[in-house]
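Same protein, same chain, two forms; see structure 1 and structure 2 below, as structure tokens.
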Structure 1
Amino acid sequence: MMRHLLATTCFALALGAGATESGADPYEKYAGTTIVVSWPALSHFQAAEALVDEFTEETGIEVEIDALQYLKLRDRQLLEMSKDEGEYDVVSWVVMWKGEYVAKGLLTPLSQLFTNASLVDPDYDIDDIADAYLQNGGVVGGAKGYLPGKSGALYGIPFGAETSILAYRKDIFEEHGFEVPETYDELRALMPEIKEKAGIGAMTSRGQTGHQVTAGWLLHLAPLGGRVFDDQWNPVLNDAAGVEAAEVMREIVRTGPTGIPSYGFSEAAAAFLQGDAAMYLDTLKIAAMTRNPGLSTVDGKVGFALHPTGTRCGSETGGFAVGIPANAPNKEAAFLFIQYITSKHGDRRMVELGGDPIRMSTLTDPEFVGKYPEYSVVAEQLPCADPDWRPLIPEWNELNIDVLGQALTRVITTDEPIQPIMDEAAEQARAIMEREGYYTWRDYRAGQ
């Protein structure tokens, strides 16, 4: 396992940095403890390494980071968290994994730690964390098992969370008099116009077979009023909204840069960053990428706007959250670490270090809004971020890749009628849900 030990300081320095005026130090009990953190080798988490250094300097709690390639992270975490006593004290998960982790009893309910007055910083202010991020990444057990509700419980805090916004080339829009689309009707009318008048791909998109093309479709499904399942787990991905979202995908491919059917996230972003597309509708992470000279040729030419609306507003919810395994050896020190990196101070430091904020106070801070023009857009977008943007259930991986990921490839690479393609996908989805027992109670009552 590749692991690196971040900088540590002596016990005396930790006490001096962390002490209050009265001399009480909430970290003193844990100074010298080493916690092990599992998270992905992605840019937000790489930026967080300096913040982790600062945590160690202030608290005396040492931190080892096990940073793994994203696609290897889940298997490694499941292995460690399934042991009687695991190696990890903190784990970071993609929002799709939270239900599986809780269903298997692998996570510690954070309420156990938030009730400990000696651990909880009274200035932490969990209500300041964006609701969409907190519910999407950290709450399990509410409606449908993954949505907010009275039966839900908190297992994680968002860290590296995201929603979707529209990025567009200001220079191209100004040159040709294009209006920034606010609705899907305007977006669909604009795409062929950009292709014809500007001679550039209108919009880039993920389109690679499997979960990438599904992610592209989901971006349009929510604002167009669609869902993958209704409240009784009946597949509704083939209703009018689902078909319209698929039609939008087909139009994006036909008016966009060449190669969308092979684009994953990186390729779709690169097409915008290298000037091959006039618009990008996906994660807010594109904003920081436009300012990175190693990635972008369009810095200073990009504007940001809200995700267009259809029958409603509905942007993406996704990214990562952090929590504590049920078998963690150092739960209290782990909680102090999570609290530190997601606190108001920690959130501001993450921005300064190049990461993404999770708190509304950070997104609306005039200092940051003046420097990062997307922040005001994100703050306005978050109330529309859809916690049911995709079903966060254990079966989602199969549905995402093997069902929708195959059907939507046919949509964007052929001229076949879309409705039959989506009908077939809905039948396959229903068979999976039947196999996994989602209709047990319905069938039981029908037989009474």
Structure 2
Amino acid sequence: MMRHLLATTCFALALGAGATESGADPYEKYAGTTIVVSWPALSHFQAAEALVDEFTEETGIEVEIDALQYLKLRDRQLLEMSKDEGEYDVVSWVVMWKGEYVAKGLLTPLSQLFTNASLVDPDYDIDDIADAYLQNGGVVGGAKGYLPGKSGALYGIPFGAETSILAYRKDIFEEHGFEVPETYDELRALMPEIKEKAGIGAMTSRGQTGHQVTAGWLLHLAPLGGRVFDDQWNPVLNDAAGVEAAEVMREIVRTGPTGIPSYGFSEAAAAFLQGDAAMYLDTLKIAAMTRNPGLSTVDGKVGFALHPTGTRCGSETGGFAVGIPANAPNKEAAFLFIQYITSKHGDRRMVELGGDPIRMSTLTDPEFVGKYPEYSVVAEQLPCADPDWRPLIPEWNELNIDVLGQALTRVITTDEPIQPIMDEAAEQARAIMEREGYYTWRDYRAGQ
């Protein structure tokens, strides 16, 4: 309450001042406003705190950060955004929640702010942002509701977005003469060999029941040619590719470091960073993490390569985007904040601070490419980033946690045959889609 009062007072003062010097400084009108930002407690966002301080210094807009464990954000944000008047001015979501947030009417379409010439920086250059990131994190309502398409609209800007690459221990690979796997066949042949010859877990993976084990499986599904649903929303997660991806998960667990079925994101990364696994195939965030002495004992020993291919190249699209709640008290200041941290300047600063870039100009900047070995890999990987890596629909959460999350736990913790487990999951998925009306049109046409 006090903060609001203060903010309003400052706002009024700023308005008064603005009347004499009309608009020489786009930030002046909002100086003294405090915006509240909800984002995850992950390394990229921790690195961004210095950039946030620079933003406050330059603009006079105060920023209060509410950082939470990333999977806990959704509850908190949903509660806050469903109030008549919310606390949050900026929210950062995992891309898989975007459909739900928009379907419930909780986000502000960014077009409302991009039409305001006094807010939009003419040098912002949105086309420079990696297209896979922008479409995946920010655009909602295109093909199938979440893919790029003409019916889509922009709700967020990627920040902390990612795709997947392969990280491997150069020292171990050299010592034993292992070849870096380019295909899934090579990967599957290599894993037992690493375990046997090097006596170290071959590849780490997430495996905890629910979201984590599903994320692990999805990483292999796309390159092996699979999908969760076909174009008619029929579950195809139990086809040959889906089952093969599950087999790969089982092999990873058997040849990997001890305890994968209990690993979340942090534990999976820690196993690689602390030298208990020879490979890591997941988010590119691992690269910055290997350079963090607080997390890593393998700095300088890690090489990066493209995500191995199966029947196609297909890497993860994930991570975070930032946007503005529909009930945000300070939408314009929030927009200025988002624009600042995702601008060309902000993106370069993020790299300097140890975060991950979203802009092609940063990724291909010779200065950074020389310094960070993964940048050229990421730039090459991005065209393969699969926008249909997972269905970003409101029902995904239930499918992700309750259906696939349970089925895949059975895959990796038991010796049961995989096909029946996946068939059962597909049946459950179909029931959910039926319940939510995804087959209404098909049934209607069939009845005509």
Partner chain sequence: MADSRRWAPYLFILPAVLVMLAGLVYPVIDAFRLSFLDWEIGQPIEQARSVGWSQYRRMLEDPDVRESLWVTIRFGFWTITIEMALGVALALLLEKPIRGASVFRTIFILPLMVSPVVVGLIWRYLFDARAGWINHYLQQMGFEPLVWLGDAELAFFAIVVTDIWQWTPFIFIIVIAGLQALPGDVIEAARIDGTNWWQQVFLVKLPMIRSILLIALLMRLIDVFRGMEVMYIMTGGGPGRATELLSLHIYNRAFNAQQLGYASAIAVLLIVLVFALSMAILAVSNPMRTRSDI
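A quick note: this is a predicted structure, and the numbers were derived from the prediction, not measured. Counting starts at 1 and follows the sequence of structure 1. Just so we're on the same page, rigid core means the largest C-alpha set that superposes within 1.5 Å between forms.
The chain appears twice here, and it is structure 2 that represents the form predicted together with the partner chain. The two forms, fitted on the rigid core, differ between structure 1 and structure 2 by less than 2 Å at the CA of Tyr146. Put the two forms on the same core and the Cα of Glu196 is off by less than 2 Å between structure 1 and structure 2. Relative to the superposed core, Pro394 undergoes a Cα shift smaller than 2 Å between structure 1 and structure 2. Its Cα shifted by 4.3 Å between structure 1 and structure 2, Lys83 is reported here after superposition on the rigid core.
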